[in-house]
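Below, in structure tokens: the form predicted alone, a single chain.
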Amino acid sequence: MAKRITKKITIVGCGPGAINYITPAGLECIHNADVLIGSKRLLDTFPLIKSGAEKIKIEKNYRPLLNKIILLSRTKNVVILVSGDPGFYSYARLVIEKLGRANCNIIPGISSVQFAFASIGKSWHDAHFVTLHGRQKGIDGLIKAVKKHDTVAALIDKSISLKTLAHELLMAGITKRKIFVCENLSLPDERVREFNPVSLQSADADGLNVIIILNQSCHSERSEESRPYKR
């Protein structure tokens, strides 16, 4: 059972990427922090906000870092930055398991999945979620989910290419789906495109993406991108 620490740790969900999608409550916590902990990308987002705060980068040190967080909290206001929403595939889970819920103050954020569904104008109350970040073997689970659920959202990184995803869908006999590839959401180079399993074979994407797969016939059977989406 987690011991009571001196000060609560604050975990801030930083949204899909752009600073203007962070909640005012989250920005206030960041401004008042003595220590900011997060990925390089998130720490670089706040070069002027609370520039005097100590910054600690999360890398492969994320498990040993938990003990340091406890020590820092004895005298400092510690804020942990996580991408998207803290409750959706984030470092927050490990922090809460280690420190205990009573020792954490959690500021929710907009998840990339929320943002992706908003970008394509679809509701997501019935969606099934899968993450393939660094999990190339997890593609089998994604295919099973697509067969079972009408709406599937997947978090995908460079470990799985869109060409590989298309190949696995077609090999499984899945040919009639709408597939939305949502890249760099909320950022200046945001790109949201619609495909079907055939046209996805010639698609490419860079970095972290949200893939939304809908169980309904595609409007187009072209072998290239059927259309870009503009918000």
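Start at 1 and count along the sequence shown; that's the residue number. Given the structure is predicted, the values throughout are model-derived calculations rather than measurements.
Absent from the display: the form predicted together with a small molecule. The rest refers to it.
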In contact with the small molecule in the predicted bound form (heavy atoms, 4.5 Å), from 99 to 107, 138 to 146, 151 to 159, 120 to 128, is stretch 151 to 159
Considering 185, 179, 169, 30, which brings a non-hydrogen atom within 4.5 Å of the small molecule in the predicted bound form?
185
Selected contact from 41, 163, 68, 57, since only one has a non-hydrogen atom within 4.5 angstroms of the small molecule in the predicted bound form
41
May I ask you to state whether residue 90 is within 4.5 Å of the small molecule in the predicted bound form, using heavy atom distances?
yes
Determine whether any heavy atom of residue 10 comes within 4.5 Å of a heavy atom of the small molecule in the predicted bound form, and answer yes or no.
no
Do residue 213 and the small molecule share at least one heavy atom pair within 4.5 Å in the predicted bound form?
no
Any chance residue 73 has a heavy atom within 4.5 Å of the small molecule in the predicted bound form?
no
